[in-house]
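Given as structure tokens, the chain that follows is alone and in the form predicted alone.
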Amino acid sequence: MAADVRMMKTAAEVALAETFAAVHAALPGDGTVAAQRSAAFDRFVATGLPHRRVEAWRYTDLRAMMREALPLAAPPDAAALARAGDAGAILAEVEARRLYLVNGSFAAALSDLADLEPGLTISSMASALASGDPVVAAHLGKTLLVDDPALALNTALMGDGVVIHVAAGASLARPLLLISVTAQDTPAAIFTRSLMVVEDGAAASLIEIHEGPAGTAYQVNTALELVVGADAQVERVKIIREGAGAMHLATVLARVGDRARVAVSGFNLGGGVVRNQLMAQLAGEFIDASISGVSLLGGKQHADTMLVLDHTAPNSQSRENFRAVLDGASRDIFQGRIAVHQRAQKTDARMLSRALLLSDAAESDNKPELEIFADDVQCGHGCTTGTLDPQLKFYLMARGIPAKEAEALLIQAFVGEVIDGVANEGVRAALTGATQAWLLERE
């Protein structure tokens, strides 16, 4: 007789259940949204927090790492809004339309919502859910069907976010800069959900930056659904500069149409525990997709990047390029899977992950995968882990460059290939400056 073995619920799981029971009736959305929330929380309850026995989470055991579930963040008061106004300073020179999420709430008073370009609509997710916005009703939770506990928890407790709709044929003159900031000094949890729909033939750029206090423990669970139409052009850049006590869980669900060009990049520059997961479906033909990322880690930072890319139609190309620099006792994980479906003939997909270890205590785990069901394809993956090349360092030192400066030049060159792929010149300059600042702090 087989025994029914069930894992005991952790204190965090119990607290999350209590939080959902207390707040779900007050969360925005009609009966359909409420049912969607309840179904998502039921899925979370069935699995609980992900742990090392869950393959996709084997390196980031939330059951062990998340000792407690923090109370939901309070809506921002005047003091929080004032502090949030100083956020995103490293992008101060970037010419962009600034949008703010403060403590998980869309801050219209801080955001630049005047004179929107023709075809551009921006609203808060909370108001869109409350009003039954047709764009949200058509896409929220429908971009990709993914069974993931962090995403299920986000769907259950999503409070606010931003809804961006770019109509067919529209082209945005300025990038959108979404500044998400935790602006309270007490421990709190934030659940934001955003949706960006770029219709056929449109062009848009979204830059995100996430920041929070250095001396406070807080938890962020954020998700973005990205729908890209045929012949559209989209760039999305994400920068994480969370505080050292932060846990940052992020999910991107993307669906891309015929002949679209998409570039997605992420730069992890802060946070105690960071998990970035991207699930994308290249659903059309002749798509050109570029996905990249950089992690600069020190101390006991833990960063986990999980990528699942589905090629479901023929004649598309994708390139994945990830770099990590690790110091102290930090740990970086890259899990990448490219799936090429039987119909997706003539797919060209290449994935590369490289890690640079600056300390004997640092750890890098790489798990690249290919799952190919078509026979006329060009696909490959690779990963490397190592230290700075002593010969290159000696070459620089032999020309009068001090040892630390030589190391800094080599590290900048290592991550520079990814930074150079960002289209916006101001963002490239900001990322280069942030890399230099990280190197100075390391010294």
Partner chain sequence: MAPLLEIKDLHAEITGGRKIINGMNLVINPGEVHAIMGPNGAGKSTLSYVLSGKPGYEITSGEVLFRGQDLLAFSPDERAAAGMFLCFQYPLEIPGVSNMAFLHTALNSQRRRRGGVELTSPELLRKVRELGRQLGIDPDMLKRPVNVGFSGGEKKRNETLQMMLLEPYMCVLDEADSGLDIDAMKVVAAGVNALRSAERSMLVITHYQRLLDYIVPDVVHVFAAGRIVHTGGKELALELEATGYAQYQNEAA
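Quantities reported herein were computed from a predicted structural model and do not represent experimental measurements. Residue numbers count along the first chain shown, from 1.
Missing here is the form predicted together with the partner chain; even so, the following discussion is about that form.
Student: Using heavy atoms only and a 4.5 Å cut-off, determine which of M65, V45, I401, C383 is in contact with the partner chain in the model of the complex.
Tutor: None of the other options qualify; the answer is I401.
Student: Work out which of A39, V54, C379, L409 lies within 4.5 Å of the partner chain in the model of the complex, going by heavy atoms.
Tutor: Looking at the other structure, the residue within range turns out to be L409.
Student: Does the 4.5 Å heavy atom contact test between E405 and the partner chain in the model of the complex come out positive?
Tutor: Yes.
Student: Looking in the model of the complex, any heavy atom of A413 within 4.5 Å of the partner chain?
Tutor: Yes, A413 sits close enough to the partner chain in the model of the complex that at least one of its heavy atoms falls within 4.5 Å.
Student: Please determine whether L392 contacts the partner chain in the model of the complex, using a 4.5 Å cut-off between heavy atoms.
Tutor: It does: once the partner chain is placed as it appears in the model of the complex, L392 has a heavy atom within 4.5 Å of it.
Student: Going by a heavy atom distance of 4.5 Å, is M397 a contact of the partner chain in the model of the complex?
Tutor: Taking the distances in the model of the complex, the answer for M397 is yes, it comes within 4.5 Å of the partner chain.
Student: Select, from the options 384 to 392, 54 to 62, 25 to 33, 371 to 379, the stretch whose residues sit within 4.5 angstroms of the partner chain in the model of the complex by heavy atom distance.
Tutor: In the other structure, the partner sits against 384 to 392.
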